[in-house]
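Read the single chain below, which is given as structure tokens and is the form predicted on its own.
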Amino acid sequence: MIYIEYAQNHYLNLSVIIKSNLYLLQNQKKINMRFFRFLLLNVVALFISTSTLTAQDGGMWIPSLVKQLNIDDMQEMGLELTADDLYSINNSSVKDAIVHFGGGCTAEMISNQGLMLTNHHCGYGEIQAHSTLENNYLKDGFWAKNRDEELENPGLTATFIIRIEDVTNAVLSGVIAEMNEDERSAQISKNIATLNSGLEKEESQDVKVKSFFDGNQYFAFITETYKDVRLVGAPPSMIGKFGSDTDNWVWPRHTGDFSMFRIYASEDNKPAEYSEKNVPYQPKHFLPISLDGVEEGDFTMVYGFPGRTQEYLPSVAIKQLKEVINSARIEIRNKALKIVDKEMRADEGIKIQYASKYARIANYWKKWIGENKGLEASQAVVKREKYEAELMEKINSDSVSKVKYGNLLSDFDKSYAEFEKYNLANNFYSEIVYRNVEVLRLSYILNSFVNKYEEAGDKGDEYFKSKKPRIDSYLKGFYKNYNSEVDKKVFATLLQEYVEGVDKSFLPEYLLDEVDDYKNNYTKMADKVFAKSALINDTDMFMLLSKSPSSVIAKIKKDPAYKIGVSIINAYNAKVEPKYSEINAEIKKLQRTYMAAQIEMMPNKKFYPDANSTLRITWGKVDGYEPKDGVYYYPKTYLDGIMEKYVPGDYEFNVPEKLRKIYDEKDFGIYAENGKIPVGFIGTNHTTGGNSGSPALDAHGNLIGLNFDRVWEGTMSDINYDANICRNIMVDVKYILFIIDKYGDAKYLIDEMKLVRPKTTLIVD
């Protein structure tokens, strides 16, 4: 076994290993063939495992750089495509099928007639917007039987990447080390403005310049955005959200998380506002769909728009995030979600109003819990400290680098120590004013309106009249999904959290006086405030806005809910935000220097940039995992598991009668594998928020699944990717096709797609 041990250490070429072991065996007097076969299989397995090591460190790579950085690693792992197949400017490539959906999710083209696939939760807002008690598409699902039935979605966009260019030199032109952060930012903004006007693009295209490696590199993305995007189909929430909050971020998973839209364009295939004259968009490339299914060990590639990661934080930052910030955010959302969940379960109307909001808030609440657990389990802080020690050893070994970078870690320690109370207060403010107490968020919107009216002076009435239509539009959307009784309970609970959780020096006197007047009885205070406020009632609010501008402004300023909201806003702006921004700017500068130090001092290491909502590729394989001692999770789930989880009438685990009937009758069609319908699978792809809806592709670039989540134990991958426990969760495309065909009776949509069997080279008609 000498040569196997040597190969494990040095990754010898397979032919060398085999020849060496054959020589060893051939010189033995007696050859045990069973041992020979065992040895050969182990050598092959060893080769396969060593060839995949390059992808196991994670990574979200820029498609335009794959040719020079990654293509050999990808092909060694199993990819059958070339770099030009993945990304090309002049020819059709996979990138041309990838869509930035609504600016927050990913989608993909699956036909030459503009048909687009994304997650159910990505299209949730649109499905909800079209839902009423009479036509509840959230509950019952929606399937357009023809294109005339497809539903318009004002404001929804679909953006394609035309090309990517490295513009670092142009963006950093004139930027010098002596500049402070404001001067540096001003110079960069000036350069970007010049660049935007100078880059070659068509009239329908835009330019977005994005920072990479904490401001050490810049890329320009030339984009084209389509604005006529129509809802085509969505399963009921019992399928699209099966398992709901209990199963969110969890494996095994059985969620049919998909929805379908169609992009429409002008007759010349260009972006156009909604019109009945528009025609289905014809993409440069659309994804064939594999009917062969997946097996453990199969190559997988996820292509999409990951939102944000922080893979290069110092250990002190990870520690503060885990022990202080995440803990506070989890507690705030935990209390809000308990209230909203109780109200939704008791009232179907409230459930429709709050379903999307609840899902949005619950998503990151559970993610942060898993992230903390994962950071602890993977010993992220300890690992980062070890890495920092290695880095500092390299820095201190050279006199020049020591001058440049020698104080980095001590400067980080000092800055984060000062930052903590401001960072905590900022998160309390963000969670309570922006996200969870709706009347406080409305106060924030109205406060900006009031301030600008007063700043306009004699032209205040003119400003009021110009902005009132926008305010009216915002309020109509706000009150459509607002319930004052729900918000009142959240208000009382979270206001107490704010007073007790934020440094006392940051709290407004007005709020403290109100709390004293009510003897710390926040429920009583909420009852009184909501009883007197016009903000919590659409009729009262629109009646108020019909008055003269000066009267409206005066009454808003006296509103009790508004006064509490504004007192918090003003105190935050005066006591927290300036210092928070100042220290945060210092930390960003240190982070930029820290990133530069890593790249400079570790020239043999490949660094991938943090996610920033730009187009990326990540690859891995279908693989199970062991989250804790004695537990192993297989990488695939089936329809059988849905029936095992089925709880009649349950909010999360109910199963539609029609699906149960199909299951009982085993009416699975061409979508079954050995008599079973696959539902989901997991892989080692490095994904994050924004990858929702991303296509999971096989080695040939065929669609095999739809990315929609990560396993709970691995949600710390945004900060510390660990191949042992980080897995992305994908709904199997065969389950999607099965639901469209057998459940949705929309086979005409499948007839529009290109179905293939790459493992047998058979094209399905």
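In this text, residue numbers run from 1 along the sequence as written. Bear in mind that the values here come from a model prediction, so they are computed numbers and not experimental data.
There is also a form predicted together with aspartic acid (ASP); it is not shown, and the following applies to it.
Aspartic acid (ASP) is not drawn, but in the predicted complex it has no heavy atom within 4.5 Å of Asp698. At the 4.5 Å threshold, heavy atoms of Phe738 stay clear of aspartic acid (ASP) in the predicted complex, well away from it. Proximity of Ser692 to aspartic acid (ASP) in the predicted complex falls within the 4.5 Å heavy atom cutoff. Using a 4.5 angstroms threshold between heavy atoms, Tyr498 stays clear of aspartic acid (ASP) in the predicted complex. Taking Trp249, Tyr137, Tyr405, Tyr608 one by one, only a single residue has any non-hydrogen atom within 4.5 Å of aspartic acid (ASP) in the predicted complex, and it is Trp249. Interface residue among Gln353, Gln591, Thr637, Thr688, judged by heavy atoms within 4.5 Å of aspartic acid (ASP) in the predicted complex: Thr688.
In the predicted complex, Arg710 is the single residue of 710-745 with at least one heavy atom within 4.5 Å of aspartic acid (ASP).
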